[in-house]
Ligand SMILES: Cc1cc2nc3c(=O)[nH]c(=O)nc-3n(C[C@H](O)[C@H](O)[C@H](O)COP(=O)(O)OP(=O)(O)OC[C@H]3O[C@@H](n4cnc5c(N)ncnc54)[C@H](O)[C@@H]3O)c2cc1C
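Quick heads-up: it's one chain on its own, the form predicted alone, in structure tokens.
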Amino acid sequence: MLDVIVIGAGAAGLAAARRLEAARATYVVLEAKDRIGGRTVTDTATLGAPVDLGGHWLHSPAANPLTPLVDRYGFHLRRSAEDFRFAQDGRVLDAAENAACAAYIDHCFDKIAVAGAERVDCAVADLFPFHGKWHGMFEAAFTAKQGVTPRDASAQDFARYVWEGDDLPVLDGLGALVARHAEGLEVRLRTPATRVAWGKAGGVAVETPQGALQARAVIIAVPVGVLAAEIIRFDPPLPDWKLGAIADLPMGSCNKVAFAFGSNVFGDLADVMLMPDLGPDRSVELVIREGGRDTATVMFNGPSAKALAAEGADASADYALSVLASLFGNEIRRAAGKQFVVADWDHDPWIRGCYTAARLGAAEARARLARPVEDRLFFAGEATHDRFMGDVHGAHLSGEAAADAVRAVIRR
């Protein structure tokens, strides 16, 4: 019998496995996909340059446990933030307008923080009965951070999120960095967990299409969308308080399309994150010429992103090019060529969204999701972290915490 079975080889499951390996616990990681990484994966082949389909930036880099891995493994990190710019009416704002827009957005985020400190929970949108000139841009920026609109987000939950310092892009790919750190771990790919039997004495049995495995405990490190869809059956069923936590943490949407261009079609813009004003319900961000490469990654956020992804990869790519062309001219379409990379997390059956956002009045759901069930079922993932939710390092830290909790139990 194993000490631990880890279900899910995303950032959380891999961090748990690395911790268990260091402690010389016996374990195995079961992964449904044919690759590791979950929502943190780098495509290096399609465009001839690294493209992170999911997580890409090291947030709060001074406190981020992944930051030291950059130098350890010889990766490259941009050491300062990308220039954040805004566009409106088909043009990039000038310096004064950009500063005014950024200041208003910062003011709105500060107001959410004040509500959090006062333990006020309401929809984020309710904090703003009066809208300034740049309020549509704030709503789009908020949707980009949580994958849901301010109307659907808990102010208390968002106020607990911590970001300190600049967001630094991993130029070789954050997914590639996570994969490098996972080398040598015991992972079984194409092995989905279908049933977890945990109600009898003597441990936990996990059924897969390749047979059953037994362990003293299980760490469940799959996206909440997978749990909500009941792809994994639990016998006996999970308790009501755990099911309530899962229901209270729906997943938002953030999908991507990336292109490589035959020449520089962006003028003097480089290492820029650009947000065009397409209305508060159309949250789109453009990463332009990162690392000096002639590439662009278009990120779609919120409900409109999910609806667009449902139309298929070609529709997503065409819309992305139309956004780029509205700012940089139709030469964009000719220079883009036929190759592009699409990430659609909403319709991936093993993911089902980008990251979680607590329902109104359910800010405590993350603590409930993280709580073990009878010292047999342990939970990890970005959704379980109360300060770094939605982040790769939040998932990583939650995996380490779950592994430590399991070890404390099995040593008894």
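Note that residue numbering begins at 1 and tracks the sequence as displayed. Since we're looking at a predicted model, the values are computed, not measured.
Heads up, the form predicted together with this ligand isn't pictured, but that's what we're talking about next.
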property	result
Contact label in the model of the complex: P276 to this ligand, heavy atom within 4.5 Å	no
Non-hydrogen atom contact T191 with this ligand in the model of the complex at 4.5 angstroms	yes
Distance check, A358 to this ligand in the model of the complex, heavy atom within 4.5 Å	no
Contact flag, P223 vs this ligand in the model of the complex, heavy atom cut 4.5 Å	yes
Stretch from 191-199, 258-266, 110-118, 84-92 whose residues place a heavy atom within 4.5 Å of this ligand in the model of the complex	191-199
All of A12, H59 and W350 with a heavy atom within 4.5 Å of this ligand in the model of the complex	yes
Stretch 28-62 - residues with a heavy atom within 4.5 Å of this ligand in the model of the complex	L30, E31, A32, K33, G37, G38, R39, T40, L53, G54, G55, H56, W57, H59
